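Below you'll find only one chain, the form predicted alone, shown as structure tokens.
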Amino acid sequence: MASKQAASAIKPADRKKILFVASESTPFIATGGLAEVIGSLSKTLAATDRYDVRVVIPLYSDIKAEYREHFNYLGNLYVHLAWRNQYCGVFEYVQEGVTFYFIDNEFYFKRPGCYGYFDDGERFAFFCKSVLEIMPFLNFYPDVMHCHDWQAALAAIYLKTNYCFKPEYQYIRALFTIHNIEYQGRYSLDLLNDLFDIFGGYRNIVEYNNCINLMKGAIECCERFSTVSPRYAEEIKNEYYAHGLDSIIRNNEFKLTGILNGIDESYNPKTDTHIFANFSADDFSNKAICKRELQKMLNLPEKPRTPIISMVSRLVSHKGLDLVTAVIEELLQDDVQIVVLGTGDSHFEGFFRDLANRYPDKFSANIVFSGDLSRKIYSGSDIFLMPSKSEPCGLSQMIACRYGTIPVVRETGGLYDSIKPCQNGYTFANYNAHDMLYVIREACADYQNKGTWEKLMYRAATTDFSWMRSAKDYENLYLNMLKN
């Protein structure tokens, strides 16, 4: 109670101002974990009442109509980007204490989806330039501008270059978070002036390996940069994980922090409306109903004591699917059922469809993206497999834990930080198919010991993966940046 009273005593003028700059955010539009981070972290920080938290994203045409009709139009301005002079509309929406701004330009953002266009560099350069330009329009200059992934990298770069001589921008601290270092925003140096509006002595900030590298530029410009797990922060100093940026990471490691993501409270088997029956860590009895109904739904035999092993994943090689394809038929000789949900490379999609045809009583391939079905799989399966080659953080293993489904993961990135053997799951270290198979079989053997397994389920379901834990780490980072 005392802490709440202290928080409520904070005057609005004394709150630290945080601006998230990102290419997507829940609940408006999402293509992956980035959106969940923006939506969940922002509202968790805002709930403390110590921060004035605002988020800015593009106004995509795919943003849900149920939200768009409630957006408030604030006005418009024109944004200069090299020789261009582009319209920039600004819309506002307030939800759960967070003010969201949407940058409107139909030429750039009235298209299906968020990414994958030939002019993505120009689109997000305009977006980042707009973020700086709307600050005087809104009369809002943040204490910390928190930029996420390469699409927002130019906001930090512009802040420390084109805008660094303007007094009102000089006290803004910049934090850049790497959600996946594989995607760096690489472009030809020919585009430096004409497209990105970067001139003269600033070229060296973004130049790397004879091309423009926006992520490199943001790392160089920001007061701090971070990753979405402590282990990943260490891994990206290594050539194997850094996709060519390891020397830049090592040169700037004094600015580097790793903070593990959390998961939203909507992933709660006690209240989740998507699952067949609700249950909790204190009473898992209804999980048996979820398992039985999942087996019915996927046309698998109803076998209560046969472990269901599930994967909810993008079907791409770095998710460890080459390990899975190497030994899955060997695993299918055991008393197991395997469920896969996801889309991705045609090679893996075809492989799993073929398995489902050849093992209809033991394997279910669901080559779709379905949030509803994913919840049913998390709640109805017994073991969750996530053997990633690299994983900056990963949310699926945390969600599985919350539903009492025990993860089997490889010790990399956020998987290493979140899943601990004998505490809430099973792990293997080497990127080796038979090491993985050995650990899966160990989990299946333990599953048959009801007492041991129920204790493991309880520990998994009660592991603290809340955003409150992560938000405290971000608070400390923000305050440290402002102190210095």
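Please read these numbers as outputs of a predicted model, since none were measured by experiment. Note that residue numbering follows the sequence shown and begins at 1.
Keep in mind the form predicted together with a small molecule is missing from the figure; the text below concerns it.
The chain is drawn here without the small molecule; in the predicted complex, the stretch among 28-36, 64-72, 451-459, 431-439 whose residues come within 4.5 Å of it by any heavy atom is 28-36.
Checked against the small molecule in the predicted complex, the candidates N213, T412, N261, S364 yield a single residue with a heavy atom inside 4.5 Å, and that residue is N261. The contact with the small molecule in the predicted complex, taken as any heavy atom within 4.5 Å, belongs to C393 out of L321, L294, C393, V144. Taking the partner from the other structure, the small molecule in the predicted complex has a heavy atom within 4.5 Å of a heavy atom of V228. Contact check for N180: a non-hydrogen atom falls within 4.5 Å of the small molecule in the predicted complex.
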